[in-house]
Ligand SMILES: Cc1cc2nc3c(=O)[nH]c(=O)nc-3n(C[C@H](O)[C@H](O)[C@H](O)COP(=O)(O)OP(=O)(O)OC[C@H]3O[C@@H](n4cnc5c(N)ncnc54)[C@H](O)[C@@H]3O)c2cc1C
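First, one chain by itself in structure tokens, the form predicted on its own.
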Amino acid sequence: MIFVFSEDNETAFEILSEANKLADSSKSKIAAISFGGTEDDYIACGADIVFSINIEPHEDSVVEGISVLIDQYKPETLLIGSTKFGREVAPGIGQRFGAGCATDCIDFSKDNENLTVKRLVLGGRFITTQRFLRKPQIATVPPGRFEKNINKSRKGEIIKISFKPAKTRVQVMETKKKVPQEMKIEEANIIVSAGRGLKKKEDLKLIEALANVLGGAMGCSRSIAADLKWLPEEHWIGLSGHKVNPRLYIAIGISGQVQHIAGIRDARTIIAINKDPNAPIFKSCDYGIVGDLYDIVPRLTEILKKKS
């Protein structure tokens, strides 16, 4: 049996499509674990069984709940969405069972019952191939890596699980609401990103104007979100932020450190604008413009406005 879990439903649906390929080769059943999601959607996207646990998910409860299911059903493989929440849950389960946990896996295959994965390492500069020797085989999968497949005619079994939530070891001192972004950065087909090449926060308007004329979303490097806090982390692209795969990615004033490149490696076309001809970003882009962003970006925006 293959278990699939992500607190983000869209990520879970994407993982289910890849789990189906693994299940076909090993004749395994696929079980999705839902903490309050829509069970029928899981079945439509490939689950044979949905374990429905109707509690508010937090790390300790999810680790405890999935561990109980593993003890009972003995799955060979557990695939978890590589979200911030998932990256906390996965190693917790691995520690419970003395099992390995491979993160950010981008390809899967099976040799008999052993799972082989390819995953990004060293800031996304290299891809390594690893094979599991113990079970359960636990792997995390980045959002947006696979396309979900929906078949509304699929049939499946829904199993309601009664579960007493584990007492959390984390005390919430304060909760602050974030301003929701209109478009999730992972879903954008066009992304225009800002880096430390910008002199002040007000200059983000230049980046936003170009993104708007292209009908895209605005992203940023780590320094803009984490250090300067000019933008919320929803815009942060990179190894520790969001990994994206747009049709077009425009990096403006971004040097191109390996952590940022790890987040954009799946972009189809990358354009870089930077005044430093030796910036690492030029080794990773398809098209590069060496020049002052304060001259290039407004002119590019005006040209695109006229053409549109």
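The first residue of the sequence shown is number 1, and the count goes up from there. Keep in mind it's a predicted model, so treat the numbers as computed, not measured. The term rigid core refers to the maximal set of C-alpha atoms that superpose within 1.5 Å between the two forms.
FYI, the form predicted in complex with this ligand isn't displayed, but the following is about it.
**Q** Would you point out which of 54-62, 254-262, 41-49, 24-32 contains residues with a non-hydrogen atom within 4.5 Å of this ligand in the predicted bound form?
**A** Going through the listed ranges, the match is 254-262.
**Q** Quick one: Gly197, Ile237 and Asn274 and this ligand in the predicted bound form, is every residue within 4.5 Å by at least one heavy atom?
**A** Yes, the whole trio is in contact, each within 4.5 Å by some heavy atom.
**Q** Pro298 near this ligand in the predicted bound form, any heavy atom under 4.5 Å?
**A** No.
**Q** Can Cys285 be called a contact residue for this ligand in the predicted bound form at 4.5 Å between heavy atoms?
**A** Although this ligand is absent here, Cys285 would stay clear of it in the predicted bound form, with no heavy atoms inside 4.5 Å.
**Q** Given that the partner is absent here, does Gly241 sit within 4.5 Å of this ligand in the predicted bound form, heavy atoms only?
**A** Yes, Gly241 lies within 4.5 Å of this ligand in the predicted bound form.
**Q** So in the predicted bound form, is this ligand close enough to Ala279 to count as touching (4.5 Å, heavy atoms)?
**A** Ala279 belongs to the contact set for this ligand.
**Q** Please pick, from Ser223, Gln130, Asn149, Thr83, the one residue with any non-hydrogen atom lying within 4.5 angstroms of this ligand in the predicted bound form.
**A** Answer to the contact question: Ser223.
**Q** Pull the contact list for 290-306: residues with a heavy atom within 4.5 Å of this ligand in the predicted bound form, in sequence order.
**A** Residues within 4.5 Å: Gly291, Asp292, Leu293, Tyr294.
**Q** How about Gly197 - superposed on the rigid core, does its CA move between this form and the one not shown by 2 Å or more?
**A** After core superposition, the C-alpha of Gly197 moves 2 Å or more between this form and the one not shown.
**Q** Does Ile296 shift between this form and the one not shown by 2 angstroms or more at the C-alpha, the core having been superposed?
**A** Yes, its C-alpha moves 2 Å or more.
**Q** On a rigid core superposition, would Tyr249 pass a 2 Å threshold for CA movement between this form and the one not shown?
**A** Shift at Tyr249: 2 Å or more after core fit.
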